[in-house]
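Below, in C-alpha cells: the form predicted on its own, a single chain.
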C-alpha cells in the first residue's frame, strides 16, 4: 500500500515559520551588520600593539582638515536637530461621566418615542428594531432637555448641556494634571452640530479666565472624526510654538439635534448618539516628558469629499415637514470602507514592519503580473499595534473593521464596551476606549495605540500613540465604578 504524504498543514508549525520569517526580515540589517562587526573586531585583535600604533602614525592629519571636518560635523548636527520635529506628548486626559439622572434605559427611550411619535407607529417600530441591534446598554445618557415630553431643544438648554459636559471635563483635566489656566497656550474645541455665538472656545476662555494672547480655535461641522483633526491641528501649532501647552476639548451637544420627525434615515442618530466629552492636554515641554502618558507618533487624514456620494452620505437637512435632522445614507458603510482603505494605504508604510510590507508588495506584484484574481494580502496590523481604538459609531462600524483588519474579539473589546456603556459619543468616543484599556491594566510602556475615526464629509482619520509608561488604574476614570462588570456579552438582538 503506497505511503500517504503527511498533512503538512497540521504537522508543520506554520505559525513558527511565519514568526521566523518576520524575525528574519524585520532584523535583516542587524543580522548582516553583526557578522561584519565581529569580523572587523577579530581582525583588529589579531594585530599587535605595534602594528596598531604604526597604522595610527601612518594617518596624516592636517590642522585645517581637522577644523573643517569638525565644523562640518557641527553644522550637519545643528541642521538636523533644528529641522527635527518637536515631540508632542499627551500629558493626560479626562472624560466626562454623565450623572445617573441622565440615564436612558431602553424602556424609557421607547416610551418617549411612542409618546412623541404617537401618530406614526411605524417610526416607533423602526427605532425599536434599531435599538435592539444597536449594541447599546441600559446605562447610556441623554441630556436633560431630551427627557421632557416633548423634548425642549432650546438655545438655553443646549448651552446648559455644553457647559455641563465641557466644564466637567476641563475641571477633571486641570485637577489630574495640576495645570493652571494661565499656563494654557493653545485651546481647540470641536463640536460638530452646535456652533453658537460666542463660540464654545470663547465660553471656555470666559469660564477659566484664560490669557488674552491665547491661540483659540473652534471646529464645527466636521463630524465624529473631528477629535483627531483637533489633535492634528494642535500638533502643527506645537511645532511652531515651543515650550507650549495645548488643550483639546472634543464633544457633541445632543440637545439641539434630537430629531422629532418621521424620516427613518434621520431617526437612526436618535438611537445611537449619547452624551459625552473629553479634554486632552498636549505639550511639547521637555519637563512634561517624564510624566506624560503617551507620545504622538503619526496622524493620517483621508478626505473623500470630492466624491458626491461620500459628501452626502452624512448630511444635515430638512425633511418633508421642515424638521431638521442628520440623514445617514445606505451607502455609508461602503463609503467608510473606501475611506479606510485609502487611510490604511497611507499609514501602512509608516507603521508596518518590513515583513508585512514585503508580503504586501509581493502580492501586489503577483496580481499585476501573473493573476489579477489572486486574493489581495491584508497586512497584519497586529504586528504594528498592541491596542486598537475604533470609533464606536455603531455595531456595524466595529463589525466591519474587525472583519477587514482581521482583529480578535479582545482587540475590539474597548470599542464594543464603550458603545455598550456610553453609546456613540461622537469625537470623544476614542478617549473612552483608551480609558477602558487603561482601567483594565492592559496599557504597558512601549505599547502602540491606533485610533481610527470616521466623520461626515466623508473622512477617515488615524492617530498613532506610543505609551511612555505603564499606566496604573485610577479612581477618577469614567469606568472606575463598573470596570469589574466588563466585558459583558452583547447579544445580536435584545428583545424589547
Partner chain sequence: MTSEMITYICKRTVVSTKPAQAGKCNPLSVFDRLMEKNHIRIVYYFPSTRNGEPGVVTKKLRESLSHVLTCFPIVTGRLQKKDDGHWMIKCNDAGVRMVEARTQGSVEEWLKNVNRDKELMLVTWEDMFHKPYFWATFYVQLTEFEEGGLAIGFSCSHLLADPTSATMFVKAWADTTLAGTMLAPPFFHPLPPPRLGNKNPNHNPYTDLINHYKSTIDDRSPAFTNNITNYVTATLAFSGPMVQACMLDTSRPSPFEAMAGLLWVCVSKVKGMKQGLISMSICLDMRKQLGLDKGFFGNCLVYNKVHHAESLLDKSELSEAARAVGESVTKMNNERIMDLIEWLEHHDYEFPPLMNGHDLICANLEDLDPYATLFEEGFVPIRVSYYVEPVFGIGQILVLQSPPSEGPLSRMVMVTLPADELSKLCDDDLILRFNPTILMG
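Just so it is clear, the model here is predicted, and its values are computed rather than measured. Residue numbers count along the first chain shown, from 1.
Omitted here: the form predicted in complex with the partner chain. The next part is about that form.
Exactly one of the stretches 273-281, 395-403, 189-197, 137-145 approaches the partner chain in the model of the complex with heavy atoms within 4.5 Å, and it is 137-145.
At least one heavy atom of residue 496 is located within 4.5 Å of the partner chain in the model of the complex. In the model of the complex, the partner chain lies farther than 4.5 Å from every heavy atom of residue 349. Contact annotation: residue 76 falls outside 4.5 Å of the partner chain in the model of the complex, judged by heavy atom distances.
Remark: residue 321 does not count among the residues lining the partner chain in the model of the complex, judged by a heavy atom distance of 4.5 Å or less. Distance criterion of 4.5 Å from any heavy atom to the partner chain in the model of the complex singles out 107 from the list 107, 409, 240, 362. Interface residue among 298, 112, 303, 87, judged by heavy atoms within 4.5 Å of the partner chain in the model of the complex: 112. Here the marked residues 264, 333 and 334 all miss the partner chain in the model of the complex; none has a heavy atom within 4.5 angstroms.
Residues of 400-427 are not found to place any heavy atom within 4.5 Å of the partner chain in the model of the complex.
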